[in-house]
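Quick setup: one chain, the form predicted on its own, written in C-alpha cells, and binding and motion questions come after.
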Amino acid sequence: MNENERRTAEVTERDLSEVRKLIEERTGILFDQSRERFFSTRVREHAREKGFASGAELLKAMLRANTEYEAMLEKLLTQETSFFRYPAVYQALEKRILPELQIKKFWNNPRTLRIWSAGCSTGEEPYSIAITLLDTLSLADAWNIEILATDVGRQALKIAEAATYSAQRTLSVSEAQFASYFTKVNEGQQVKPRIRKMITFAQMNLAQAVYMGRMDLIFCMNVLIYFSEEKRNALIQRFYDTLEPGGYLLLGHSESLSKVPVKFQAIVLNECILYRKPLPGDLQQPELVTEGRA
C-alpha cells in the first residue's frame, strides 16, 4: 500500500460523520445517504491532497482555521456549470417572464428590476441572466437593474468576480453575444465591464436569514437538493416572502415544490416549471397551469 492509499484508508466512518455534522451545523447543507459515496470520496481525496495523515487531523484543521473549513466545503460543493446551462429556463425568462415584468413596471419611475442568483457558484448564471436582460428588455439602459449573486464558497466567488471563462464554459454563447459582451483574453473570454457592473457578488450562507429587500426574480438552481426538508421549507418560505407579488422563483430540473406548504402558482412551460408568487387578485387561480410553447 502506498502513502496516498494509507492516508485515504485512515479517514474513518466516525471522521466522516464528524465532518458531515460540522458542515450541516454551519451551513444547513446535509449530505444524506443518497450522497454518501460522493461525500466519502471527496473527503478522502481532500485529506490526501492536503497531506493530512488522518480524518481526525483534517477535522482538527477545519475547526482551527476557517480557511481549511472553507477549502473542504469548496471541494464538496464544486459542480460543473456553464453559460445558459438550461436553455429552456433562459427561453422562459426571455419570452414569458421579462415581457410580463416590463408591462407590470412600465409606468414605474424609476423602472427597477431586482434579481437574486442564490447559489451562483463561479458566476456563469448571473452573467447569463444579465446578458438575457440586455438582449430582451426594451431600452435596457432606462432600467435600474440590480443582480445580487451569492454563494457560500469564497473561491467560487473569486472566479466569478474575475469573470474570465474557458471555451468549454461558453459553448452556448452566440457569436453576437461574444461580440457585444465579451473580450478575448489569453485565458479565454472575459465578461465586459458593462455586464460586470450590473452584478454584486457576496458570500452568503443561505441557512442564515439576511434581509435584502424585495426581489422580482430569484434563481436557485440545484441548491435545494443540499438541504434537509426542514431547512428547504424554511428557505422556500424566505424566497416567497422576499419576492414581490407576481415575482418568480426558478429551480433546477430535479427540484420541486410539490410537497412544500408555501403556495406558489406553478406554471409548466415547455421543459421547465416557473413558480410565481400570486398577486392579490390571483388567489382564486389554479395552483398548476400548463401553458403553450415559450
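Numbering starts at 1 and runs along the sequence shown. The structure displayed is predicted, hence computed values, not measured ones. Here, rigid core means the biggest group of C-alpha atoms that superpose within 1.5 Å across both forms.
The form predicted in complex with a small molecule is left out here; the points below concern that form.
Query raised in the report: For Thr81, is any heavy atom within 4.5 Å of the small molecule in the predicted bound form, or not?
Result: Yes, Thr81 lies within 4.5 Å of the small molecule in the predicted bound form.
Report task. Check whether Phe227 has any heavy atom within 4.5 Å of a heavy atom of the small molecule in the predicted bound form, and answer yes or no. Result -> Residue-level check for Phe227: yes, a contact with the small molecule.
Report task. Using a 4.5 Å heavy atom cut-off, state whether Gln177 contacts the small molecule in the predicted bound form. Result -> Looking in the predicted bound form, residue contacts with the small molecule do not include Gln177, since no heavy atom lies within 4.5 Å.
Query raised in the report: Applying a 4.5 Å heavy atom distance criterion, does Arg96 contact the small molecule in the predicted bound form?
Result: The answer is no: Arg96 has no heavy atom within 4.5 Å of the small molecule.
Requested in this report: Note which of Arg111, Arg85, Arg169, Arg196 lies within 4.5 Å of the small molecule in the predicted bound form, where distance is taken over heavy atoms; exactly one does.
Outcome: None of the others qualify; the residue that does is Arg85.
Query raised in the report: Which one of Gln102, Asn222, Thr132, Thr164 is close to the small molecule in the predicted bound form, taking close to mean a heavy atom within 4.5 Å?
Result: Result of the distance check: Asn222.
**Report entry** Partner-facing stretch of 40-48, 23-31, 53-61, 262-270, counted where any non-hydrogen atom is within 4.5 angstroms of the small molecule in the predicted bound form
**Finding:** One stretch meets the cut-off, namely 23-31.
Query raised in the report: Is Tyr69 among the residues whose Cα moves by 2 Å or more between the shown form and the other one after superposition of the rigid core?
Result: Yes, Tyr69 moves 2 Å or more.
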